[in-house]
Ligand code: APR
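Only one chain is included here, represented as structure tokens and corresponding to the form predicted on its own.
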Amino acid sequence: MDKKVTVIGAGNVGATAAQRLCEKELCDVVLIDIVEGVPQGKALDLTEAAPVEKHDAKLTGSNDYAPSEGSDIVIITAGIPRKPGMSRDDLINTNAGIVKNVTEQVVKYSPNATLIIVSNPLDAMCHVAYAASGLPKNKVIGMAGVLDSARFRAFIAMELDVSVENTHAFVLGGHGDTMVPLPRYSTVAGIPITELMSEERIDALVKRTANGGAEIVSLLKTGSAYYAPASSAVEMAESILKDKKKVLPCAALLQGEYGYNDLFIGVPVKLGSDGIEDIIEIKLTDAEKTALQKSADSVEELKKTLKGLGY
């Protein structure tokens, strides 16, 4: 493979992302974790699955960062997961330190890599990684909107009993309870869902989407979602590695777009070989602007918390 992706954190999200990357034959994969034996064991297990899955991606597990040298993309999943009763924001103190340390190590070996941040609270961790990396803003991207949109699409397909392939959904804003799903931009085979279901049902799906992560945490009890988050990060990585220029909702650093400055907020972006190649601004209704402002205010509060913690 002529591309390399490093995944930091060999837990459920990281290991599943590594699996998806190699089984799609996108790149060689380096899996890094602080726990001795875990990344090595999972990399070996995935390597032994390769003959069955029919791919020749090389997998390397390591407790240090040297094997990550020259990575095209680094996916950061490191940090403690949510437990029942915890919000994403509750993780900020512990995970900020982890993400800062990880990012500094990553850019030492891969100064030209694009960073995809998955660690929670997502929007705040993007700010930490951006500050610690010194990379240009197009090279630090948060995985939020792809996951939130996928959840919304899944719920739309379940509600209408249609193929998920026919569904398209748009979600803006921060990753969490203040996300802003946009029903009028969400469609089934090009038909707006506002034409296919009642406002009451749409509101119910929007609410379920906003609480999608918490719903899974409450069911699992000992962990948080990982299949959909991993798939979402890999879709972003694939668009970058293949220069597909997909338009995907991601957390991007806004510098004037949508009227915000120096905030990572989920917006539609074009992802290509140079990371974020364009931020696409769409017209919002007054109600949507109000909802996005609420989301932005939440991210701003997280920034203030980070500053108080010394980040």
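Because the structure is a prediction, the values reported are computed rather than measured. A residue's number is simply how far along the shown sequence it sits, counting from 1.
There is another form of this protein, the form predicted together with adenosine-5-diphosphoribose, and it is not shown here; the text below is about that form.
Proximity to adenosine-5-diphosphoribose in the predicted bound form, defined as a heavy atom within 4.5 Å, holds among Ala210, Ala78, Ile193, Val106 only for Ala78.
This chain lacks the partner; the member of Leu241, Ala228, Ile92, Ile98 within 4.5 angstroms of adenosine-5-diphosphoribose in the predicted bound form by a non-hydrogen atom is Ile98. Contact annotation for the candidate site: Gly11, Val102 and Ser224 all lie close to adenosine-5-diphosphoribose in the predicted bound form (heavy atom within 4.5 Å). In plain terms, the part of the chain that comes close to adenosine-5-diphosphoribose in the predicted bound form, with a heavy atom within 4.5 Å, is 118-126 out of 133-141, 185-193, 231-239, 118-126. Interface residue remark: Val35 is counted as part of the site for adenosine-5-diphosphoribose in the predicted bound form, having a heavy atom within 4.5 Å. Among residues of the shown chain, Tyr258 is not one whose heavy atoms approach adenosine-5-diphosphoribose to within 4.5 Å in the predicted bound form.
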